[in-house]
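Before any questions on binding or motion, here is one chain by itself as structure tokens, the form predicted on its own.
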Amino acid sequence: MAIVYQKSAGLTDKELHYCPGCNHGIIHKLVAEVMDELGILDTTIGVCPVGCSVFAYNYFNCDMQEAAHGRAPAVATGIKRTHPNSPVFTYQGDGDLASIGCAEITHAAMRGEKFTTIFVNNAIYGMTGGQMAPTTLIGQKATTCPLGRTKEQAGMPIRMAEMLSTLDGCVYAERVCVTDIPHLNKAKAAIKKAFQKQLAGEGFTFVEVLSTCPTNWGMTPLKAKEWLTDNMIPYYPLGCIKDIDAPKAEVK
């Protein structure tokens, strides 16, 4: 019998611990499929964050390294410079990357470190109980802003993909989501392109994935998906933000 669909070889058989409706499982699947399709499972090294995906080393079927909170880009830098021929990626949430780790990701992009970052933006702190994150939207409620985030008190939410794209070392930045099959396919294509550009030695590559957090948003999974579409995408527009091709060798 022909196999129509099967679990990616890039994932282990470990059961995922994520909440119902959380998009981490889908994003894991896309990253795993890309590694498998590119034939790099045996050589890839991933770096786990502190956050909801802290146990990602249980799920990806490649070498994984745990990092302290926010320090995944620094760890990835050391790994990539030690193993320059190995594909390296960090998998980080908004609290890990945009808050405590903002300096690490900014300087890694500035230096043009040749690894890929998968940034999962669900606009809230997930694992620690729903506090306001740097990406929390104006008016969005969280445990530390029960009346909703205000510009006057907390400033505007940070757009990481746009910010990092201004740095010369960042050669590719794209924002995607996984709310339906067409968007899921675009997300996978972006992740694959980010890895391919890393493999070509072009520089730092970054894919931001808008994600739901039904538990901390206090919504059903379906309602959370609708809220993401209606509220997050207008502020965090989807699409390619930067794509710089590697410089061509001079023909003599």
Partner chain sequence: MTAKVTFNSDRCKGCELCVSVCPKHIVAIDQETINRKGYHPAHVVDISQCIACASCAKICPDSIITVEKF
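Note that the structure is a prediction, hence the values are computed from the model and not measured. Numbering follows the first chain given and starts at 1.
There is another form of this protein, the form predicted together with the partner chain, and it is not shown here; the text below is about that form.
Asks: Indicate whether residue 181 is a 4.5 Å heavy atom neighbour of the partner chain in the predicted complex.
Replies: Heavy-atom contact with the partner chain at 4.5 Å: present for residue 181.
Asks: Using a 4.5 angstroms cut-off on non-hydrogen atoms, would residue 232 count as touching the partner chain in the predicted complex?
Replies: Answer no; every heavy atom of residue 232 is more than 4.5 Å from the partner chain in the predicted complex.
Asks: At the 4.5 Å heavy atom threshold, is residue 25 in contact with the partner chain in the predicted complex?
Replies: Although the partner chain is absent here, residue 25 would touch it in the predicted complex, with heavy atoms inside 4.5 Å.
Asks: So, residue 225 and the partner chain: in the predicted complex, are they within 4.5 Å at any heavy atom pair?
Replies: Output for residue 225 is yes: heavy atoms within 4.5 Å of the partner chain.
Asks: Heavy atoms within 4.5 Å of the partner chain in the predicted complex: which of the stretches 217-225, 60-68, 44-52, 189-197 has them?
Replies: In short, 217-225.
Asks: Within 4.5 Å of the partner chain in the predicted complex, do 156, 159 and 163 each have at least one heavy atom?
Replies: Checked in the predicted complex: no contact with the partner chain for any of the three.
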